[in-house]
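Same protein, same chain, two forms; see structure 1 and structure 2 below, as structure tokens.
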Structure 1
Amino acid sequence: MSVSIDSIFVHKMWDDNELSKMVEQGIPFPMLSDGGGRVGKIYGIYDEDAGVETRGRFIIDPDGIIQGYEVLTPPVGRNVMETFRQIQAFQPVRKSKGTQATPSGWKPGKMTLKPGPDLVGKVCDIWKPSMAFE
């Protein structure tokens, strides 16, 4: 889900006029309104003085554990497709209970890596950077 201090009407306008052009068929999750900034305060991204939230993205697993986050100042845009890619990359890691890792640029169908001393200093030999962009 996404959460912002904007109203549900602003969310609908944003989805209809912007997000649906960036993401085929629009975003596949609900956008929630946090009018008073309560959720933003919990995650430390609500600016009390300005009454706005800094743009933050938190990837939270089914157990409620934050697995990743990114906080950007308002002038810098986020990449929705990268968010989706990261969520997909967490799936095999979770399924393997941490015995597999997904390197930078990993996409579904690509190989995962087995973390350990044998991997140290050899990631580029095993996971060629060009693989991330195929």
Structure 2
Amino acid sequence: MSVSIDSIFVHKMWDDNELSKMVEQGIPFPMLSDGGGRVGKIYGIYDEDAGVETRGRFIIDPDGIIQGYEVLTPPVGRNVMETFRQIQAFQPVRKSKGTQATPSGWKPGKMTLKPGPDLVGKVCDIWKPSMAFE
């Protein structure tokens, strides 16, 4: 879901007039209105001086737990693929109930790690720094 201080009427006009030209059939998720920034304030991303939300992005798991967040100032956009990658990397961890971990640069299909006494000092045997950049 997305949140800004704009009214629901402005959200509709933006979706009708511009976003639906970029995304077929318009934006599928709820575009929420946070006039006054009350939601933004509890998430710590509302800019009181400018009166707007900054670019805060929170990944929340099916239990409602925050697994990650990122905040950018307004002029720079986010990397959506990185958000997808992070969710994909959190999913096997959750499925394994924390017995598996997804190392730097992990993508679906890559090897997960099994943290434990046997792995101490041995990560270098099975995981190479180049794997973070693949």
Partner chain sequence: MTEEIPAGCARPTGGPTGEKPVEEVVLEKSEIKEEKIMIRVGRKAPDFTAPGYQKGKFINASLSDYLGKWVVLCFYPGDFTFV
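So that the term is clear: the rigid core is the largest set of C-alpha atoms that superpose within 1.5 Å between two forms. Throughout, residue numbering runs from 1 along the sequence of structure 1. As the structure is a computational prediction, the values presented were derived from the model and not from experiment.
**Student:** Quick one, which of these two is the form predicted together with the partner chain?
**Tutor:** The chain shown second - structure 2 - is the form that fits the description.
**Student:** Would the C-alpha of Phe29 be classed as shifted by 2 Å or more between the two structures after rigid-core alignment?
**Tutor:** Yes; that C-alpha moves by at least 2 Å between the two structures.
**Student:** Comparing between the two structures on the rigid core, is the C-alpha shift at Val123 2 Å or larger?
**Tutor:** Yes, Val123 moves 2 Å or more.
**Student:** Superpose the two forms on their rigid core, then report whether the C-alpha of Leu113 is displaced by 2 angstroms or more between the two structures.
**Tutor:** After core superposition, the displacement of the Leu113 C-alpha between the two structures stays below 2 Å, so no.
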